[in-house]
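The chain that follows stands alone, in the form predicted on its own, written as structure tokens.
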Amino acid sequence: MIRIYNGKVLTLENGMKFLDGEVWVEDSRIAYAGEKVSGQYLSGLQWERSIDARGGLIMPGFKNAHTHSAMTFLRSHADDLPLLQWLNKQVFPWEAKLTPEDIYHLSKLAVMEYLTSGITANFDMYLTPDTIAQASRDCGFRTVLCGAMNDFSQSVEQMEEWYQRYNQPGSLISFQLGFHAEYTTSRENLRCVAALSSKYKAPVYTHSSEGQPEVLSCRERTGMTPTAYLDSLDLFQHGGGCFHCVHMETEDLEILKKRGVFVITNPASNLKLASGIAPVRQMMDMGIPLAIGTDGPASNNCLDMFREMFLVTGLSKYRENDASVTDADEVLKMATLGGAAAMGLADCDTLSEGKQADLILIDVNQPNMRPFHNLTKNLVYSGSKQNVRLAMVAGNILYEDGEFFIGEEPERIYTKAEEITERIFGS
């Protein structure tokens, strides 16, 4: 067993209750998480390793509920364009040059960045799920694959195969049905996705209402908003999730609430692409479940959950002209519990006995985390990647004190990423 002791523990089982305590990990699961244990009881236990938290915070890892990991090759290359121009001129043409092996190596680079941000699971929508899955497995990282079907890549038949193959008990990899967006997917293909969802009683995920032009175009073609159009095709009969949801009407939000559809908000990407600010407070007031995603490193460009959390609350306050809305506690829940629920990771949400040991250790002995007026607010308003001391997935430490333990040396991953980008942009 591994013991992490002398820390503050946030299990998230009962709200934002911080304990002076410790966490024990046996194999891939939590054996104990709670108040510190007396020396007499500890004397009979054998430890593979004991880690002194030095007063740091032990908590569930963040869940990145929307991303495109392998777009690391476009970081700081596809910038400063409106959304649709960005997609059509700087994303789709270059993505066409990627090989499955490229996506494998580029995904590993993203995994490294996730770990430095305290992210222990991601919801990855991209072109070649098999090589993404292999990259995550090789790193020991937890990934939920999301179908990215559209009229140009992937198919309903492939999605069904992936759904059956990857949803196996005890695996680091799982799969959810999904398609890119209504504007890249024909009505016929959308009906096929709905039929697959009905067959497996499975949720469906997609980009939706990210930019105003997208919404206007959908109205011109269908007479409906993207949300209403997708609902009319029975795509949300078993729930699911919509990424972005910036330009939403009240009727759209009522549909999402009725269907139990998650909204995964992506504030940094929406800001950078000038897409707008999602009505997060209205969604919360209506009881719509929320999670947070970074989106991909081409549109963000940083895979940093701390920055996303700050922007969720900061932009919501600005949008509503009310500094009291969207409290830090609510945002921290979105980044952890909300993400786990949206991704179907019920076994990885809290630090509870028997659940998966997906956790992080936050170093609070740094200037940006003092004093301790309110630890939750410190995390959301002033926390940063520099505070992540350790990240563990399924009981394995993958990142600790600046070092990675993912089966490959960082310099090799960096080198491969540079070779890929030189080949693609040099051709």
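Quick caveat: nothing in here was measured; it's all calculated off a predicted structure. In this text, residue numbers run from 1 along the sequence as written.
The form predicted together with a further copy of the same chain exists for this protein as well; it is not shown, and the discussion that follows is about that form.
At the 4.5 Å threshold, heavy atoms of Asn368 reach a further copy of the same chain in the predicted complex.
Contact check for Gln154: no non-hydrogen atom falls within 4.5 Å of a further copy of the same chain in the predicted complex.
Not displayed here, a further copy of the same chain is approached by Asn301 to within 4.5 Å at the level of heavy atoms in the predicted complex. For Arg307, a non-hydrogen atom is located within 4.5 Å of a further copy of the same chain in the predicted complex, even though that partner is not displayed. Though a further copy of the same chain is absent from this view, in the predicted complex it lies within 4.5 Å of a heavy atom of just one residue from Ala181, Leu311, Cys348, Val91, which is Leu311. The listed set Lys355, Lys333, Arg75, His105 contains one residue whose heavy atoms approach a further copy of the same chain in the predicted complex to within 4.5 Å, identified as Arg75. From the list 77-85, 168-176, 285-293, 201-209, the contact stretch for a further copy of the same chain in the predicted complex under a 4.5 Å heavy atom rule is 77-85. No residue of the trio Met16, Ala394 and Asn396 has any heavy atom within 4.5 Å of a further copy of the same chain in the predicted complex. Residues of 264-301 lying near a further copy of the same chain in the predicted complex, listed in sequence order, are Ala268, Leu271, Lys272, Leu273, Ala274, Gly276, Ile277, Asn300, Asn301, the criterion being any heavy atom within 4.5 Å.
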